[in-house]
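Listed next as structure tokens is one chain, alone, in the form predicted alone.
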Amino acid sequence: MAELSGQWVMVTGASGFVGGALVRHLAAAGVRVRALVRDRAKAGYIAGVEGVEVVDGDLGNELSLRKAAEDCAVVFHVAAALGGSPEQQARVNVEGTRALAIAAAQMRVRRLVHVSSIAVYGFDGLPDVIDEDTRPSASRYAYTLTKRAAESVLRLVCSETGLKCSIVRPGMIYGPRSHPWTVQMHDLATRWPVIPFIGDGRGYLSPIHIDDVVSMCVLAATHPQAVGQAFNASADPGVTWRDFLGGYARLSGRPVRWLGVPKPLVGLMLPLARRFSSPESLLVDTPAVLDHFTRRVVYSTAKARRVLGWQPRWGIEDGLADALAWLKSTPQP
């Protein structure tokens, strides 16, 4: 982090969960942050933070991107469309990434760090251990396809312009301010007398604490060997759904009672679900998704440990406790 102290960096998606955490972390370390937001009303988490300049901009507005990237040593590209039509996701995730990379190259940014996702690998027929060289599987899921295409266009722009880039592929990001993997998972674990889930819950998910994603982003921006490389950021070894959801229940003082819906029963309903699913729904890739989340699939972080010297700070027990402490201290809508 010392390499960036006192310098300007730009963060897209700065009003969001990951972008906001990254902005505050950088600012606390003495980095001058230009935080790109589309709606200032949603930027309360970073408003007024010392060292942070909130600027209006959009991935579809090339002039705003060039202005925001001016004099910046690094651009952290966190903004993404997680839903919406395939066309909307392509406009943000693919064309927005292309426009940002071109702007960064034009403004002579030293490095662009792109926050991608483990979703780029897809779900069908993957090996039990997935590393950065694993061949992606076929998919119809719009988020998978557009995040995969975003990586491709970024590499293309880099090859054409000489821009240096690094890619971070997080798993399911939980911790303070995470809605899907803290608020919603805690609700699932504690709302009913039992925890409903598919099968016995011994398949793996791939959680990663927000602080550990941020630390990898910083290393990807500063480590000389990160240039041109992609890195998984996930639980390695994996964490079972039973331990993840049960951890939320146990730390909340609730008994851990599991209601396993038989996988064959769920499988009978999947053809109908897939038939009527749109490409923005994860169900479009069933039954591969069902199989994936009931297997012990691990996204290896060996490369990040070896090349970057990255080590996650949070184990699952402490990480869930940290997430729960935030949840208890923050009124939820």
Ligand SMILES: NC(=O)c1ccc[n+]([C@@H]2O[C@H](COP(=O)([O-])OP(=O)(O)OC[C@H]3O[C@@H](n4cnc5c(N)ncnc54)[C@H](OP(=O)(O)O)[C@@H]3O)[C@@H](O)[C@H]2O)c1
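Sequential numbering from 1, following the sequence displayed. No experiment lies behind these values; they were computed from the predicted model shown.
The same protein also has a form predicted in complex with the ligand, omitted here; what follows describes it.
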(request) Taking 4.5 Å between heavy atoms as the contact cutoff, choose which of 247, 171, 122, 175 touches the ligand in the predicted complex. (result) 171
(request) Could you check which residue among 239, 163, 80, 221 gets a heavy atom within 4.5 Å of the ligand in the predicted complex? (result) 80
(request) Verify the flagged residues 17, 115 and 143 against the ligand in the predicted complex: is each one within 4.5 Å by a non-hydrogen atom? (result) yes
(message) Quick check for you: of 291-299, 36-44, 278-286, 260-268, which stretch puts a non-hydrogen atom within 4.5 Å of the ligand in the predicted complex?
(response) 36-44
(message) If we define contact as a non-hydrogen atom of the residue within 4.5 angstroms of the partner, is residue 319 a contact of the ligand in the predicted complex?
(response) no
(message) Check residue 26 for me: does it contact the ligand in the predicted complex (non-hydrogen atoms, 4.5 angstroms)?
(response) no
(request) Find out whether any non-hydrogen atom of residue 205 is located within 4.5 angstroms of the ligand in the predicted complex, and reply yes or no. (result) no
(message) With a cut-off of 4.5 Å between heavy atoms, is residue 197 one of the residues that contacts the ligand in the predicted complex?
(response) no
